[in-house]
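This document starts with one chain, in the form predicted alone, laid out as C-alpha cells.
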Amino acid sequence: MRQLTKSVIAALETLTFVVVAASSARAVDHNNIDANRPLSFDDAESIGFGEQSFELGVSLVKPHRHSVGAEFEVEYLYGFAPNTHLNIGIDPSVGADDTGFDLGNVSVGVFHNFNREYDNTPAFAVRADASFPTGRDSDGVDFHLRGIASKTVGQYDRLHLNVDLNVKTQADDDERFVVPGVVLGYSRPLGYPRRFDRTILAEVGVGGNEERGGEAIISAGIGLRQQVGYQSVLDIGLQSDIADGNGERDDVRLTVGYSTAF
C-alpha cells in the first residue's frame, strides 16, 4: 500500500511538472533554455506566438595563451508565427586577441519547433542563422544550421541533443569552410515540487577546429538559471575547452546574462 501511495504521488508530481513546464514554455522562464543563456545548447521549445523578448549577456573569456577579454551579446526574439520565432543579435567584444573594441557581427535567424514532446517521442526543432561581417576583420557571411531534440528522462531530468553545421562563405587559406559540432545538454529544475524557479544545466560538446589540420575541441560547462520575475531570468555559467585544439581553445569562459519577455 505504501509503495502504491509513493507511486501515485510520483505520478502526480510528474504530471504536474509536465503541465507546468508545457504551460511555461510560451514564456521566458528558467526552464526554457536558449543558446548562450548561459551554456551553448538550445532546447526544442520556441517562444510563444506574438511574444517578444530581449536577452543580454556578458562573458569573461580567457583564450589559451592570451589575456582575458570580454564578449557581449544582445539578442531580440519575436514569435512571428506559431512555434516559430525570429532572432536578431549582435556580439561586441573587447580585449583578448585585440585590445580595442569591436562592434561584432550582426546575425539574423529563425527557430522552428516541429512538435511537442509526447510519450517516447522527443520534441524536435531546427534553427538557422546567418552572421553578417559587420565586425572588424570579418569577411563573408557565415551560416549556422542546428538540429535540436529534447527529451525528458526520469521524472524531471531533460536531455537536449544539438547537432551543428557551420559554413563560411569566405574562409582564409588555413581555415575550413565547413565545421561540424555536437552538444549534449542536460537540465533539471532544483527544489521541485516545493519550488519551481531554478534550473541547473550542464553540457559536453565536440566541435571541429576552424583551422585546417587542427584537432577537434572537446568542451564542458555547468550553469544555473534563476527566475527573478514573472518573465525575467538571470543566468550564470562556467565553460571550458578541455582538449587541446592547437591553441584555439578557451581555458575558461564565465557568462552572466539576463532575459526578459514582454
Partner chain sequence: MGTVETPATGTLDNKTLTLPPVPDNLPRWMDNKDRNHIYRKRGSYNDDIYNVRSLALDLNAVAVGHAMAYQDLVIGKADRLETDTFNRINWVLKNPPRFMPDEANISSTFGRRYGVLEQVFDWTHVLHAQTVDVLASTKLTDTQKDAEIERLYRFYVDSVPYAITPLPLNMGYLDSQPYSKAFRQKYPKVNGLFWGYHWLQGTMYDLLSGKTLQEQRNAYATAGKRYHEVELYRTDRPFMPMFAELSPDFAARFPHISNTFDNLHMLHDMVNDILASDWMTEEQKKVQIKRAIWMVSAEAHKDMKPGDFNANEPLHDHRFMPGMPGMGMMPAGLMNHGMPTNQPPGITEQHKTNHDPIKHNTLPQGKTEPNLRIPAGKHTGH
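Residue numbers count along the first chain shown, from 1. Note that the coordinates shown come from a computational prediction; the quantities given were computed from them, not determined experimentally.
Although not depicted, the form predicted in complex with the partner chain is the subject of the following passage.
Though the partner is left out of this view, residue 228 does reach within 4.5 Å of the partner chain in the model of the complex, counting heavy atoms only. Although the partner is absent here, residue 100 is not a contact residue: none of its heavy atoms lies within 4.5 angstroms of the partner chain in the model of the complex. Not displayed here, the partner chain is approached by residue 155 to within 4.5 Å at the level of heavy atoms in the model of the complex. For the chain shown alone, residue 29 is a contact residue for the partner chain in the model of the complex, at least one non-hydrogen atom being within 4.5 angstroms. With the partner omitted here, the residue from 80, 132, 177, 114 that has a non-hydrogen atom within 4.5 angstroms of the partner chain in the model of the complex is 114.
Partner proximity in the model of the complex, defined as non-hydrogen atoms within 4.5 angstroms of the partner chain, places exactly one of 57-65, 229-237, 33-41, 203-211 at the interface: 229-237. In the model of the complex, the residues of 178-213 lying within 4.5 Å of the partner chain by at least one heavy atom are, in order, 189, 192, 193, 194, 196, 197.
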